[in-house]
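Okay, so here's just one chain, in structure tokens, the form predicted on its own.
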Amino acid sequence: MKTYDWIVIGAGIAGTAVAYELVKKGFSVVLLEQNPSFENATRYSYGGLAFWSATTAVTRQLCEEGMARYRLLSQELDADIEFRQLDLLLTIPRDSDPKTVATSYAGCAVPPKLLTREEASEMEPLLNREAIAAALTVKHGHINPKKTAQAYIQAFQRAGGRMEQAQVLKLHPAQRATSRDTKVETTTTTYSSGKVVVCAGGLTRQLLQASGISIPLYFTHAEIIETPPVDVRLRTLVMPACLQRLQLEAEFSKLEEIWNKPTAESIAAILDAGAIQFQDGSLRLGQISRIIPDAGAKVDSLQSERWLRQSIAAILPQLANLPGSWHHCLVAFSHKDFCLPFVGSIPFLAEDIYVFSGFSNPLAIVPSLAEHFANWVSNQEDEVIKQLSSPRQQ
């Protein structure tokens, strides 16, 4: 059994970026991923980079660093991640007051501009202007998330990192009296390392609980439709201005008793109708978010797809009946009182086990934050990680 300096669990954008930054520091690193086709939240995201949306000093710093990092990332990783900037349209429902909605964004680093529905439909001809009261717009970064994660993996491997397909079952923290190594038990073998960082997104909570560790991280079941390349052209990224997902996360992060009683029954489900077209012409249409405490629960895909298509039809009618396939993944979120990801070790419980998860704006900040994390675990002072790693165990 080979011993590594670091084991990184999860090969979404978080895990691949962290693994790459750690191996750059000279650590021996193995990256573990259970799904060879990467059916995760990175793979099925819109690919949006909301640099403009930061509302605190630390998130503003990370977003500014993130934008600078992305401008050079394709060159550094030696792969095209399809980084670009495009117009974001945030649609305002017919029954909402546009000025009130616009005011709710006033604290953002770059507050979006309010448009009339006529101006919004000029910017996005596919938009059904009769379905909205108005819209907000702002410049928004965008990448191909799957290609970006793959680019990180390839750069990680070129730098000497090792990647293995393995389903992690349990973590065994180091017992100082008998061993200085943390063990990671998988379905096929056991890995050993000085330190472990869990970047497993929506599966993070389940994995830690199986290891006797409880922290305030949760997840939604997210659902989208992905189309093949099509001739229809969407000029903008369209999303609702009033995101129900954020309200859903805030409400259910307060109900710990629900998360401790997993059930296959859906407790809540909302739909935020949006769409993005990638450079190859394919589209992602979504998204449904459900609270089901059982990470392995099955969702009725036919019913979900009908709901998704009906909702898209109201906003972007020409996209509703395009050929496409329904997909499902888990999306992690942190406790409402913290409004920040969980980054750092788990004090008093397992100090050699670290967590890097629970992002509300992951793609925009992960490349920069992964760099901060690698510096911090290399014994460099880092104020950003210090703010995110305060004790938050339950």
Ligand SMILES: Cc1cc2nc3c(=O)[nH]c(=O)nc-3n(C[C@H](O)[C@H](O)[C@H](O)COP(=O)(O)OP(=O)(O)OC[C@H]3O[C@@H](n4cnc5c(N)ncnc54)[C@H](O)[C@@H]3O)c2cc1C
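When you see a residue number, it is the position in the sequence shown, counting from 1. Everything numeric in this text was worked out from a predicted model, so none of it was measured.
From this point on, the text means the form predicted in complex with the ligand, which you will not see here.
> Is there a heavy atom of residue 54 lying 4.5 Å or less from a heavy atom of the ligand in the predicted bound form?
It does not: once the ligand is placed as it appears in the predicted bound form, residue 54 has no heavy atom within 4.5 Å of it.
> Contact with the ligand in the predicted bound form for residue 42, defined as at least one heavy atom pair within 4.5 Å: yes or no?
Yes - in the predicted bound form, heavy atoms of residue 42 and the ligand come within 4.5 Å of each other.
> Check whether residue 361 has any heavy atom within 4.5 Å of a heavy atom of the ligand in the predicted bound form, and answer yes or no.
Looking in the predicted bound form, residue contacts with the ligand include residue 361, since a heavy atom lies within 4.5 Å.
> So in the predicted bound form, does residue 47 come within 4.5 Å of the ligand, heavy atom to heavy atom?
Output for residue 47 is yes: heavy atoms within 4.5 Å of the ligand.
> Using a 4.5 Å heavy atom cut-off, which stretch among 100-108, 152-160, 220-228, 304-312 contacts the ligand in the predicted bound form?
It is the stretch 220-228.
> Please tell me which of 126, 207, 241, 138 lies within 4.5 Å of the ligand in the predicted bound form, judged by heavy atoms.
Here the answer is residue option 207.
> Heavy atom within 4.5 Å of the ligand in the predicted bound form: which of 63, 353, 329, 30?
Of the listed residues, the single hit is 329.
> Check for me: heavy atom within 4.5 Å of the ligand in the predicted bound form, for each of 13, 200 and 287, yes or no.
Verified in the predicted bound form; spot residues all in contact, yes.
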